[in-house]
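Only one chain is shown below, in structure tokens, and it's the form predicted on its own.
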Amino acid sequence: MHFATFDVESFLRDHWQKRPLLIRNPWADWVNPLEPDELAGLACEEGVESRLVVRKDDRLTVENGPLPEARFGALGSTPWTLLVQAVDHHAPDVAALIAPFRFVPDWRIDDIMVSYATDGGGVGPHYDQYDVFLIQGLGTRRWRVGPKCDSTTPLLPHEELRLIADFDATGEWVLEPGDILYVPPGYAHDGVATGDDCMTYSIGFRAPSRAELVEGWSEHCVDILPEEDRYADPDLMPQANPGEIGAAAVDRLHAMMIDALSDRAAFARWFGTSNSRSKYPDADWRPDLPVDEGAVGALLARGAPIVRNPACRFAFIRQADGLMLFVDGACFDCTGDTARLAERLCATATLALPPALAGSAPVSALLAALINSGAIAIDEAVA
């Protein structure tokens, strides 16, 4: 699935993280990629994050999955919404929706949440801390967008939902199949199904907070610092008041802390491993028996394609002598053939290697490690 009419450059210039945008059906040929019954089936499965939001007398109640199959038949005419996270990990046709949005780097992409709602269903006015593209799949939904919010915005008391207390819409549209609403971080929005069989695909993006970065990186540094790395003052001199923490001591203490946190190369390695950890590690592709590089090389020689596990995150950071490949929290230092392989793996979900790479022993060794970790598989049926 791809766009027929969408100007990426103007979108990034004028709207990305700046203001909402309604995009009327830009697809070459929109086809809804998932049936409502399939979504309901996922919500009944263990290991799949799902929620059921039901409206009762102007109050929204939330039930967390997995849901019993009989629950849907008992809902009656009450407006309700089913939300299922990371559907792209389970449905290849849903995962295909990500490709047109890869003008945003992969490390920023989170997952695709899919919602199904009956007439009047919705989750109430709220705001998110990340960018989101809301694609209308089936039916119609009325979206209202309000002003930008922050941590001082008053919220209604609710244990599960962050509902805005005073929502004042500044724009309103009804989305039909194929239409897209882009909402930047912080902007209030509220979607209500106008009719039954309303399906919406939400492509969300990750944005680590400064607090998360400081906490994660500092905890990592603490874990690797030796116990004997302590404050020292061999040049200590008598001071007038023993109760004073002197300026020289503060400077030395501050420098100790800054030096421990300022290694950019170490930070890059930590961030790559941290950011690439899978949010839902249950999609296990590990083989029953470990494979060795000889078996991998033989399959590659026959032209078997490599397929990425859709639940795994792939990214790389360039270095002077190659690159670091990050896959599900693991870091692989790559040079030469393995660096070229890493770039190809990060660029596409399925690939066949050219003979020069397929015959490389380091390439086979890296692929064997990735297969045994469950990050990739080789499609033997195609060989």
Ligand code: SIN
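Quantities reported herein were computed from a predicted structural model and do not represent experimental measurements. From 1 onward, residues are counted along the sequence shown.
The same protein also exists as the form predicted in complex with the ligand; that form is not shown, yet it is the one meant from here on.
**Q** Would you mind picking out the stretch of 210-218, 125-133, 232-240, 253-261 that comes within 4.5 angstroms of the ligand in the predicted bound form, counting non-hydrogen atoms?
**A** One stretch meets the cut-off, namely 125-133.
**Q** Can you tell me whether residue 189 touches the ligand? I mean in the predicted bound form, with a 4.5 angstroms heavy atom cut-off.
**A** Output for residue 189 is yes: heavy atoms within 4.5 Å of the ligand.
**Q** Does the ligand get within 4.5 angstroms of any non-hydrogen atom of residue 115 in the predicted bound form?
**A** Yes - in the predicted bound form, heavy atoms of residue 115 and the ligand come within 4.5 Å of each other.
**Q** Is there a heavy atom of residue 101 lying 4.5 Å or less from a heavy atom of the ligand in the predicted bound form?
**A** The answer is no: residue 101 has no heavy atom within 4.5 Å of the ligand.
**Q** Verify the contact flag for residue 167: yes if a non-hydrogen atom of it lies within 4.5 Å of a non-hydrogen atom of the ligand in the predicted bound form, no if not.
**A** Residue 167: no contact with the ligand in the predicted bound form.
**Q** 273, 313 and 370: each with a heavy atom within 4.5 Å of the ligand in the predicted bound form?
**A** No: no residue has a heavy atom within 4.5 Å of the partner.
**Q** Going by heavy atom distances of 4.5 angstroms or less, which of 304, 91, 149, 83 would be at the interface with the ligand in the predicted bound form?
**A** Only one option qualifies, and that one is 83.
**Q** Residue by residue through 161-178, which ones have a non-hydrogen atom no more than 4.5 angstroms from the ligand in the predicted bound form?
**A** Residues within 4.5 Å: none.
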